[in-house]
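A single chain, nothing else alongside it, follows as structure tokens in the form predicted alone.
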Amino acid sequence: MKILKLIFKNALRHKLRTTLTIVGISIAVIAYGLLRTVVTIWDSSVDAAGADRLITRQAVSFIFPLPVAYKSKIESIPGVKSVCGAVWFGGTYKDKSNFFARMAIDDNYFELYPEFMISQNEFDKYKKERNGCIVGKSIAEQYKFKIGDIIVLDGDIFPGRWEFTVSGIYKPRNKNTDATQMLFHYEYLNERIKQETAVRGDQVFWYIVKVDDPKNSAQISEQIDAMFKNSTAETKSETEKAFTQSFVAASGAIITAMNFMSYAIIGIIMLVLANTMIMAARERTREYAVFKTLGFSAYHLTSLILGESMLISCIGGGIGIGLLYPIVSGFEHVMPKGFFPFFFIEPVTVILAASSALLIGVLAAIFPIQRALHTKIVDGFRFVG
């Protein structure tokens, strides 16, 4: 108990220095947690991909279209359960800063994506409305969309003024399910495109292929690509996860930089706390010599120094983790929904942040402990600092 009392008194001896150290550790833990959250959420978009879904696109790039005639041919391949065409519409809603995914899809899209949950009444309403659309819960909340509202988009890939009626709002089944999409009938898009630019009609950007067994994904992918080999529009088929990873890889430099910064922050925490402990140990050199004279063992001195370091790191880490949740929540509300479809702190991030704070507490005490234990009693009494 006396050792614990000394630890608390030593930690509070220089209140300003201790306070600034705790604040520095808290800020570093918050920065670490925020960066790790961004990285893990980015990776979660890949993990959310369905294991039983393939993406078939144009071999050169998905920006080049594929004929709608490919759909029935892909459906004829053994092991294929369902095929859905999709077109990236783009466009602008009121302002270019209002970004969220807008896609034209076949009506069986929700059969392939059961994680997008919508009531049967709303889906039936959607199928009956030629210009109907279904929006995700997140953007419905952000832009105050309600059933029956009219959404007007200014087309860029498909020029013109486009009006859509909100027929339904889908909800995400899991935290890492994207709830920021706007989906509407491909037929509505195709009819107008054929009237205005006939040559662009009857084309999709990619096909979503649902297979009966994920183990057969590679074989079915090869069959699809072989079917259209040497055609005017050759294909490249891959798992949805691999397709998503190709987008994440395009931002690989950013992710790598964030990873590096998150670990660099750990180093900053250690330097801040180590500096505080070294200064404290230097100031108490004579005191440690007195302790040794009175019979305090190496265990007692180690407990004093390590305990003080751990106390400061735990308080700073605890405050940082406590503030991380409201800060991440505020960050989520500020960021555009389309940029991060979902944003939440994973338990592993909290565990890593807490473990890092504890580890830094131990590492920061090593040098002061070595100094205190190896300084002779006579040298300690002679020390002036």
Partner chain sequence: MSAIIQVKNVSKSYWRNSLEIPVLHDLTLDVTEGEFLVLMGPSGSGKTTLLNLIAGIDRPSKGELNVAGTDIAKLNESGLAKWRSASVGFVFQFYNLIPVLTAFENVELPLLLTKLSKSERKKHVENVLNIVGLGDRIYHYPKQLSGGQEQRVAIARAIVTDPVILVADEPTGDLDKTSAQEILTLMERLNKEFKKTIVMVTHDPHAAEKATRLLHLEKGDLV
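All of these numbers come straight from a predicted model, not from anything done at the bench. Numbering follows the first chain given and starts at 1.
Missing here is the form predicted together with its partner chain; even so, the following discussion is about that form.
Mapping the unseen interface onto this chain, Asn10 counts among the residues with a heavy atom inside 4.5 Å of its partner chain in the model of the complex.
Contact check for Leu20: no non-hydrogen atom falls within 4.5 Å of its partner chain in the model of the complex.
Within this chain, Met258 is remote from the site of its partner chain in the model of the complex, having no heavy atom within 4.5 Å. Of the heavy atoms in Ile377, some are within 4.5 Å of its partner chain in the model of the complex. Partner contact region in the model of the complex: 284-292, out of 157-165, 284-292, 100-108, 192-200, criterion any non-hydrogen atom within 4.5 Å of its partner chain. Comment: its partner chain is not present in this chain, but in the model of the complex one of Tyr188, Trp88, Tyr93, Phe296 has a heavy atom within 4.5 Å of it, namely Phe296.
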